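In the block that follows, a single chain appears as structure tokens, in the form predicted alone.
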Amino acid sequence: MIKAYSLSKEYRGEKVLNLSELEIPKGELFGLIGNNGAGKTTFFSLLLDLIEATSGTIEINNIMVHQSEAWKPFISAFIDESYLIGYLTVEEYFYFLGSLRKKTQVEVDSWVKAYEPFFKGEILNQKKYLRDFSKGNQKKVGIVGALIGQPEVIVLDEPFANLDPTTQIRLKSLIKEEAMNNGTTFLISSHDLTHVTEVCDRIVLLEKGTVLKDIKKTSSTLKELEQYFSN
């Protein structure tokens, strides 16, 4: 599904990412962890063709992301609030995303209705611009927006940050259900070891741009990761 080969990124001669080979199969719940500056956001930015690699390639469904845009219809992402359009209402934003996925407003309304428990009555029909919502509610909108049209791959950077405990629990259930019911591949970056080990099947630990651990989750994974970061 996703393949990175000899992938590197340098800034002013300093290498911030250096992956010899990384493959993520379809339907995998893939977690990416590491301290600040480990290269997590850089990898996501390269995957989404937001920055240019110094060397190497990333392929999605055998399409090189830097050579073609044919991968864009089946991948979606929410990295941070800059992905939102602050002067739109929630409904207008969802309709805009739906139009990109060739969905009518009626289809979007019907689809969004299923996420009302996740919104906790705080998002829809508020007659507010996105910029006027709290950070947590903006994140809820961005995450649900990334799901519109059931893309094959969804990239989420720090999805649990700024969310209250109830919403964090609901988000974990939502991700698992999407993966199980639709075969969606999730790439999730998080500083929260507990959340990422509860959600993901596989966890890759980056340190200074390189892979230090590539773990298939077991009952001892959380303890192993906590021990690593405490040393």
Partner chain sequence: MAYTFRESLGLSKKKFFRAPQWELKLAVRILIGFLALYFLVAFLFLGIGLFFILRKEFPEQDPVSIINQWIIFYFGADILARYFLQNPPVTDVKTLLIQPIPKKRIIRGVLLRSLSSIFNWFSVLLLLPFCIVVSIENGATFSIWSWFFAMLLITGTNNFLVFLINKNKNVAIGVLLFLAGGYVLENYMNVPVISSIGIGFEALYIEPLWTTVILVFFLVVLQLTATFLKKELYLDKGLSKKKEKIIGSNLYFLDRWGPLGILLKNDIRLIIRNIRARQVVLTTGLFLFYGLFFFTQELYLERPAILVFAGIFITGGFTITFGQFIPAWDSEYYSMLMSQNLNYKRYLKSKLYLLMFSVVISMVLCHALLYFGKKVMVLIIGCGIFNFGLGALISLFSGAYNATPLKLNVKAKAFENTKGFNLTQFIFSIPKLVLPVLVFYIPYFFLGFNAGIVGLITSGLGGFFLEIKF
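Positions refer to the first chain, counted from 1. Remember, it's a predicted structure, so these values are computed and weren't measured experimentally.
Just so it is clear, the following notes concern the form predicted in complex with the partner chain, a form of the same protein that is not shown.
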Work out which of the listed stretches, 22-30, 45-53, 58-66, 187-195, brings a heavy atom within 4.5 angstroms of the partner chain in the predicted complex. 45-53
Exactly one of Leu156, Val144, Leu84, Ile123 has a non-hydrogen atom within 4.5 Å of the partner chain in the predicted complex; which residue is it? Leu84
Does at least one non-hydrogen atom of Leu88 fall within 4.5 angstroms of the partner chain in the predicted complex? yes
Given that the partner is absent here, does Tyr129 sit within 4.5 Å of the partner chain in the predicted complex, heavy atoms only? yes
Do Tyr93 and the partner chain come within 4.5 Å of each other in the predicted complex, heavy atoms counted? yes
Can you tell me whether Gly136 touches the partner chain? I mean in the predicted complex, with a 4.5 angstroms heavy atom cut-off. no
Checking a candidate spot here: are Pro73, Leu97 and Arg101 all in contact with the partner chain in the predicted complex (at least one heavy atom each within 4.5 Å)? yes
